[in-house]
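So this first bit is one chain, no partners, the form predicted on its own, shown in structure tokens.
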Amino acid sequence: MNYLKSSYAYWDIIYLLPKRSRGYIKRCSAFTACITLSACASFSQDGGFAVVQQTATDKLHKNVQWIKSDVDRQQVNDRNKELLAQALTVDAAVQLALLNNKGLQASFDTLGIAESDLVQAGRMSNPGFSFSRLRRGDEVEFDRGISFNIARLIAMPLTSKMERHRFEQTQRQVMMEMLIMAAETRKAYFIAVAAEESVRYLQQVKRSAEAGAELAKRMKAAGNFNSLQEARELSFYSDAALNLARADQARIRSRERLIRLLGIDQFSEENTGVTSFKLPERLPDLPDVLTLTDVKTESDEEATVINKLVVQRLDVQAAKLNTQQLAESLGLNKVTRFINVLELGGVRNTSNQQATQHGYEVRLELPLFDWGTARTAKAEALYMQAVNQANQTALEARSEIREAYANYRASYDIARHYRDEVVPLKKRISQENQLRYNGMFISVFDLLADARSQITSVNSAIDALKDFWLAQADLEMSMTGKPSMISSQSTVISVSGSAAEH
């Protein structure tokens, strides 16, 4: 009520003033209103980054920082040194990637681009000003005019809403890229640790094979081995050396991939003083029970649970926002189909021999040749394309969640089978052979043959444990976005068939 009273009082005062003053004040008021409307569209303090930070806290339990200044960069460097002071854990690896990955920082910059478009859409276009000086004999005429783009002012609510949805869509895409990068870092970490563990094991195998080959040579020289027996041991040594070379190649490849994701280059000038990271010697143990049981494929409520997870996925939300934005674009195209240009302005002509002329000018585009059908048809096609893509995204999301959970369960069962059945059995066989060797019932070559038979099972156990952790990362990712679900490249282990038969 106070606002209405003050408004009435304002207009009462205006009408008490002389006519010329009233016109001047009205023009000033209109200009002030335009400036005020333009000032309403301004940049936010966080640039839309607070939502991304909150997602990192809720989904990853990590901190994320948009580096904009030297102070931010120094804070990140200090945090890097703190995380790299000890053997790298999977959580530390994800945190390092969130802070240092330059590709992720580039994704954050897209927020600034999208917000600039949003602010621009909420601001009025600058008025146009025209001036002319005409002479006819002794008469000199000055024409002055100022015009505003009324069409853009009318469409401003629609364009602002469209840009708002586009900005929210960009936020979800940035969050998606952040979660994907975290999942890829988690997987790269497990692959790198498994590769390091395989290399260490194959180094032991190579040393054993080297000792066996040297012993075989001496046995052959002493006449206790024939050429076939010697060749079998030498072949096994050759295979062991080859397998170690392949494992080392895989180790280097996996480590470099992890370095790229972490965004830490020890040879870069920006990271002077940052030492290289150290990986643990072995993968984390297999948990006794499954921790991710939100998706219960055996339950009758499977569809309900999966649909809830699909709604939470950021790629589905982004596809939905894209559809809404294109629907609003379609509406805008229909509104501006016939009149796309409409400008209104005031005109003031002065002459040294005639009275001053006042008036207004309207400029609009006549729809004689272009009725806007092409723009509308394109907008309709883009909208239908977005609808179909959104439906496909939702369908793929449901399938990916089911696949990721099935892979998670199967990987757990396989890894547990290796842990509880295969490896204990191999260990028991090894212990029995050791007892027989101590009792001089078998030779040292029988012991080497037994160790040879364990190579495949040990590496398979390492790969099974690695696949479980990768499957868990894929399942976690499938609940929030699109998982990659690319199977890891296992270390190729070959054992000489002839040697195995020894």
Partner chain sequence: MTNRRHFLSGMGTMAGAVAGTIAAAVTGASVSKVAMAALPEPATQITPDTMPPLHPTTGRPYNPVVTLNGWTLPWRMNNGIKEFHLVAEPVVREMAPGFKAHLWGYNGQSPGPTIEVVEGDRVRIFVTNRLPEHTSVHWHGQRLPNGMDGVSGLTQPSIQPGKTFVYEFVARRPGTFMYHPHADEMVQMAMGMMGFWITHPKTKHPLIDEVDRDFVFLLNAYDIDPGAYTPKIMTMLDFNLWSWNSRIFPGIDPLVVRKNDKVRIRIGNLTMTNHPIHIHGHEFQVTGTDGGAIPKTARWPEVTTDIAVGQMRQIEFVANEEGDWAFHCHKSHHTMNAMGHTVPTMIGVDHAKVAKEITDLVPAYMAMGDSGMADMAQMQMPLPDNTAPMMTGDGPFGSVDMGGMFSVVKVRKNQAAGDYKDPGWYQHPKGTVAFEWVGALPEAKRLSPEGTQAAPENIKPEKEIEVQIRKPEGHMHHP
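Between two forms, the rigid core is defined as the largest C-alpha subset superposing within 1.5 Å. Note that the coordinates shown come from a computational prediction; the quantities given were computed from them, not determined experimentally. Residue numbers count along the first chain shown, from 1.
The following text describes the form predicted in complex with its partner chain, which does not appear among the structures shown.
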With the partner omitted here, the residue among 126, 224, 132, 227 that in the predicted complex has a heavy atom within 4.5 Å of its partner chain is 224
Could you check which residue among 215, 311, 154, 381 gets a heavy atom within 4.5 Å of its partner chain in the predicted complex? 215
Just to confirm, residue 219 within 4.5 Å of its partner chain in the predicted complex by heavy atoms? yes
Considering non-hydrogen atoms and a 4.5 Å limit, does its partner chain approach residue 208 in the predicted complex? yes
Taking any heavy atom pair closer than or equal to 4.5 Å as contact, tell me whether residue 438 reaches its partner chain in the predicted complex. yes
Residue 51, heavy atom within 4.5 angstroms of its partner chain in the predicted complex: no
Which one of these stretches, 463-471, 43-51, 439-447, 65-73, sits within 4.5 Å of its partner chain in the predicted complex when only heavy atoms are counted? 439-447
Run the contact test on 204, 432 and 455 with a 4.5 Å heavy atom cut-off to its partner chain in the predicted complex and return yes or no. yes
For a quick test of reading the superposition: does residue 447 move by 2 Å or more at the CA between this form and the one not shown, rigid core aligned? no
Take the rigid core as the frame of reference and indicate whether the C-alpha of residue 438 shifts by 2 Å or more between this form and the one not shown. yes
